[in-house]
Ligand SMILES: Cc1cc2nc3c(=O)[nH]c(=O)nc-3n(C[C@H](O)[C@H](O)[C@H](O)COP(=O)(O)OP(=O)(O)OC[C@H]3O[C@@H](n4cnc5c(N)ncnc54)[C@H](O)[C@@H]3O)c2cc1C
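We begin with a single chain expressed as structure tokens, specifically the form predicted alone.
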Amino acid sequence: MVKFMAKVGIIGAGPAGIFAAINIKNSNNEVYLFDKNDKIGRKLLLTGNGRCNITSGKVYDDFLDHIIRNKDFLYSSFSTFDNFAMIDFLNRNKIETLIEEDDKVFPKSMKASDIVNLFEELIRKKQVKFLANTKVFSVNKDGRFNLETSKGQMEFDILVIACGGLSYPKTGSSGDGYKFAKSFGHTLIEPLPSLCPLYLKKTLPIKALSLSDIEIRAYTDDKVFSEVGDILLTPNFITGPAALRLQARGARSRITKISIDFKRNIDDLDRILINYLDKNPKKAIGNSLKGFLTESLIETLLDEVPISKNKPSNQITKEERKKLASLIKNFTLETRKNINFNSAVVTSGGVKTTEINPKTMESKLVEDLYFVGEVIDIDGLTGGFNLQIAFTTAYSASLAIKEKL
């Protein structure tokens, strides 16, 4: 049992660290929140393109199906504090929310700054001691936790590591949490970039092209992953929700190629093409297919067959038509390994989950040491799932810590 008025140190003022701090603080403890930056929530301000996709509105099982790695680890803590509990927390604190397409939850104002402002207010109100512009160089434990910081040495009874991963390095994410975890004897699953664009080996002769309701597949050395949804096809890479989800599923494998089905709901595509060509037999094929495919996509596919876009529709051979149909359903592109943490939304990998208590987030190796958020080897798809992982793990840790005090 930790002594009365215990000192709790939290390294990292991202979503997990902030939420841990405001939920741990009570009259029985002092809470210190460290961050390299001058303000809290730097990464939080960037989420959802500044709108802050704070969580998801999906129900229990559906939500957990969007956790890619180690979702079993989340069961206990998610049952204690789920996405609807987070929505309720925001509403009780006068942040109205709304649910958009794909069950993405945003503040009604569509401003990430409103979420950060709320957290700043709660930190002040609860008298959490925020140590801005403070770098933690090393941590160790000799009875109490000893931190060597840019503002001198400090001691704590309980330590929470909430440093995040390696994504968005410009916000200060440099893998410090991994270094601290290893210094305490924890195993590290190799951190890899996740939720990244898919980079192409061959430049496509197109402008940026938004495509809806398509199927995109990724091929690795031994697996095939598939996603349905919207993508943005550019000359050098593919991004958009479906592409990011696809890359996340294959983040721990080597994706060698991708294929796109532009008309996933059409089975007899050859018959559809015949109808379009027969309607305008003397028109150039490039014009005949307008309305069925986007103009720049038509040119790209015709170049691959190859067929001149000016060739009259009634001169298209059966072989050419069949090849065009095959390309529409299975447009294959080789990928190149250009993925890095600068373009990653989250980190896949981190502190091994079997070394952490899933109910409390306490280390199984070191008493009174806790891990929360992205530093743990658990990650999800895009859509508010990774932020909810941060809030859920932080809340569970806060309950366990308060029980000790």
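Residue indices: 1-based, along the sequence shown. Model, not experiment: these values are computed from the prediction.
If you look for the form predicted in complex with the named molecule, you will not find it shown, but the lines that follow are about it.
Peer 1: Which among 351 to 359, 22 to 30, 66 to 74, 35 to 43 is in contact with the named molecule in the predicted bound form, heavy atoms within 4.5 angstroms?
Peer 2: Correct option: 35 to 43.
Peer 1: Counting only non-hydrogen atoms and a 4.5 angstroms cut-off, does Phe81 reach the named molecule in the predicted bound form?
Peer 2: No, Phe81 is distant from the partner.
Peer 1: Is there a non-hydrogen atom of Asp157 within 4.5 angstroms of a non-hydrogen atom of the named molecule in the predicted bound form?
Peer 2: Although the named molecule is absent here, Asp157 would stay clear of it in the predicted bound form, with no heavy atoms inside 4.5 Å.
Peer 1: Give a yes or no for Thr335: in the predicted bound form, does one of its heavy atoms lie within 4.5 Å of a heavy atom belonging to the named molecule?
Peer 2: Because no heavy atom of Thr335 falls inside 4.5 Å of the named molecule in the predicted bound form, the answer is no.
Peer 1: Just checking whether Gly57 would be counted as a contact of the named molecule in the predicted bound form - the rule being heavy atoms within 4.5 angstroms.
Peer 2: The answer is no: Gly57 has no heavy atom within 4.5 Å of the named molecule.
Peer 1: State yes only if every one of Phe145, Pro191 and Tyr370 has a non-hydrogen atom within 4.5 Å of the named molecule in the predicted bound form; otherwise state no.
Peer 2: Checked in the predicted bound form: no contact with the named molecule for any of the three.
Peer 1: Heavy atom within 4.5 Å of the named molecule in the predicted bound form: which residues of 121 to 160 meet that condition, in order?
Peer 2: Those in contact are Thr134, Lys135, Val136.
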